[in-house]
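Taking the form predicted on its own, here's one chain by itself in structure tokens.
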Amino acid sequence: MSTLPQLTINTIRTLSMEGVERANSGHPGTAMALAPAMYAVWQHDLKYDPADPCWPARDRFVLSVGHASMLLYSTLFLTGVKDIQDGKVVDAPSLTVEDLSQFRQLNSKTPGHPEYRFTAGVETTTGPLGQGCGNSVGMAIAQKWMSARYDRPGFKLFDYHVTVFCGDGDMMEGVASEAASTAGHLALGNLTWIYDSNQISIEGSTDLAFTENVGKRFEAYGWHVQTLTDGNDVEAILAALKAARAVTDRPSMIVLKTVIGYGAPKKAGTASAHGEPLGADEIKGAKAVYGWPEDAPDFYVPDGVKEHFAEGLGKRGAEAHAEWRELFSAYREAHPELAAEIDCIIEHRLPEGWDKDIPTFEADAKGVASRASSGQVLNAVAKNLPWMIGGSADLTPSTKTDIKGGGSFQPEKWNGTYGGRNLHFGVREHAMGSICNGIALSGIRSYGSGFLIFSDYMKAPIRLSAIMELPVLYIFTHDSIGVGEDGPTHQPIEQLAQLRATPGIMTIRPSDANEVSEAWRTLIPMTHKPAVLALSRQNLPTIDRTKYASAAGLAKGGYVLASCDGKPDVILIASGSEVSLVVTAYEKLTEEGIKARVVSMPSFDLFEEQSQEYRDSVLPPDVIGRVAVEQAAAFGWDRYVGIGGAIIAMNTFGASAPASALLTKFGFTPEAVLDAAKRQALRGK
């Protein structure tokens, strides 16, 4: 290898070491080991324009080993990636030397793990191992779907590739296995994972817990697998990358044997190079191995390094981007309607009339399950929002989330097309969440569905949706003990409280079909926030909106559904299936001359966004008689009933029995609500 490429690799190494050392915190070893592979990918393989990290046809690079964040930050700095402000690329660098020196410091642009929206050039937030792997499958799905929908003869707009750096920890995490199995089934030939097999984890050698043959496992998944024994052999890495791109009928894995902490005299190849600063002596020794000038200051960048990247990646990316802009300009002339859709995707805009077919439901005492009404609304929205795609974890007949006529996203060998809008995730809830995040990161509106109880399998990706402010929609059905005979293993109790407690997620539990319609009308315009719909298995009466308040009140999270004249003695508050229950109690109270109010509270999150004046108008502070009713954990309702208020909720797990028997056993009856309301009404007088 000529001097300049090796100098560039060593610059990535030294910047990474020094960032960790300056912070006195971090993971230097993986960055040192993977610097040659990073150089090979960015300088020679990626189709990427540093002047525009938002270019929609760019190749994606995902650092699933997010603890090696200094590897990515150093590369973004050296390649001159431009910054993004308010969603627009600006003529300023994403990162400077000063930013590198502020690694892991408050308000710096170089946090401990890469964060999407925080640092331009970071494609996804990683750190929880395996999540980047899952995201990458979503990105690869998005490319296939975009190409199938928008590419036309002579106009190949979307042909980008997704490259991932992953490690032993990723390979141990179940989500990566789920995602890899999905990618193999879908034959995603636009995806390459470079597996850094350094065989070191925090506790020591991976021999302690992880001795399987990962390459053979991935071959069984249907992947193309290559193994390289020298992580410093750039030419071999480049040949493997070229071979991976040439295999278009399946994803590729490159097993890359590396030495963690390469160059450090005593710590190379040891666990101490993984998750702690090297120390001055080890850094000095490593720099000597690299041939680094002894008198060079920290964060030294030798002459020619940045220019070398500019002549390689920069020039190649600029030329490819210019060709794409010219192609897209001609495409706009030839296919204006499709180009307009692409503009909406890039700019995160909804098409005109996206909600015009959302139904209004007639009053019906028998009603319909909210999962079923949601299925109707989903299809009404999907008809006018063609870039919304999603699916379920093998539960579509139950969650009612199929897009009618949308086709299955599958390769032809599995009787589908890559233009299908219905994704089949299989029984892989964890990967479903991570994949949906990857799809959303590509601008496509994604949704995933399952039973609410199994949101437990998806906590990490749901949380990351919120951290990244991605508009992923999670549709969870079978939302209460109303599940019935399946018993406590399938009856959610604490899940709503957990979701409500997670910052940045909009959780909505509608009470009837019209609240479901309004939920969709409220959630879809949210372009920077994930949402959860909690829906019933059982039928819910469709409330007579000529008698009770409009379901449009859902947009404010909580609203007065029914009320006496003047000041009430008691307020009944509920969400979801329990709203009809408290309405029944309200009508009885009214007959008995007790002044009452019903508040439908489908979303704590939306309600808390309203002004204090509005919240006080719904729940007047001087009315202390209050009853909250929900077939879930009581946690959180105390903020609305106050000290001394009554909460009819679940304080244990459920049981296996018909739903009607469970409602009686656990006190979700008109009589129980009425009794609590009367006691509370006395407090209010």
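Because the structure is a prediction, the values reported are computed rather than measured. Note that residue numbering begins at 1 and tracks the sequence as displayed.
Here the subject shifts to the form predicted in complex with a further copy of the same chain, a form of this protein not shown in this document.
Asks: I need to confirm a contact call. Of G154, P503, P293, G566, which residue comes within 4.5 Å of a further copy of the same chain in the predicted bound form, counting heavy atoms only?
Replies: Contact residue from the list: P503.
Asks: To verify the annotation, which of these, Q226, N379, Q538, Q410, has a non-hydrogen atom within 4.5 Å of a further copy of the same chain in the predicted bound form?
Replies: The option sitting close enough to the partner is Q410.
Asks: Could you tell me which stretch in 424-432, 595-603, 136-144, 336-344 has residues with non-hydrogen atoms within 4.5 Å of a further copy of the same chain in the predicted bound form?
Replies: Going through the listed ranges, the match is 424-432.
Asks: Taking P50, T119 and A531 as a possible spot, do all three reach a further copy of the same chain in the predicted bound form with a heavy atom inside 4.5 Å?
Replies: No, because P50, T119 and A531 lack any heavy atom that approaches a further copy of the same chain to within 4.5 Å in the predicted bound form.
Asks: Would Q498 show up as a contact with a further copy of the same chain in the predicted bound form if we use heavy atoms at 4.5 Å?
Replies: Residue-level check for Q498: yes, a contact with a further copy of the same chain.
Asks: Flag P56 as yes or no: does it have a non-hydrogen atom within 4.5 angstroms of any non-hydrogen atom of a further copy of the same chain in the predicted bound form?
Replies: Flag for P56 set to no.
Asks: Can any non-hydrogen atom of L473 be found within 4.5 angstroms of a further copy of the same chain in the predicted bound form?
Replies: No.
Asks: At 4.5 Å between heavy atoms, is Q131 in contact with a further copy of the same chain in the predicted bound form?
Replies: Judged by the heavy-atom cut-off of 4.5 Å, Q131 is in contact with a further copy of the same chain in the predicted bound form.
Asks: Even though the chain is shown alone, can you say which residues of 201-239 have a heavy atom within 4.5 Å of a further copy of the same chain in the predicted bound form?
Replies: Counting only heavy atoms within 4.5 Å of a further copy of the same chain in the predicted bound form, the contacting residues of 201-239 are S201, I202, E203, D207, L208, A209, F210, T211, E212, N213, K216, R217, A220, Y221.
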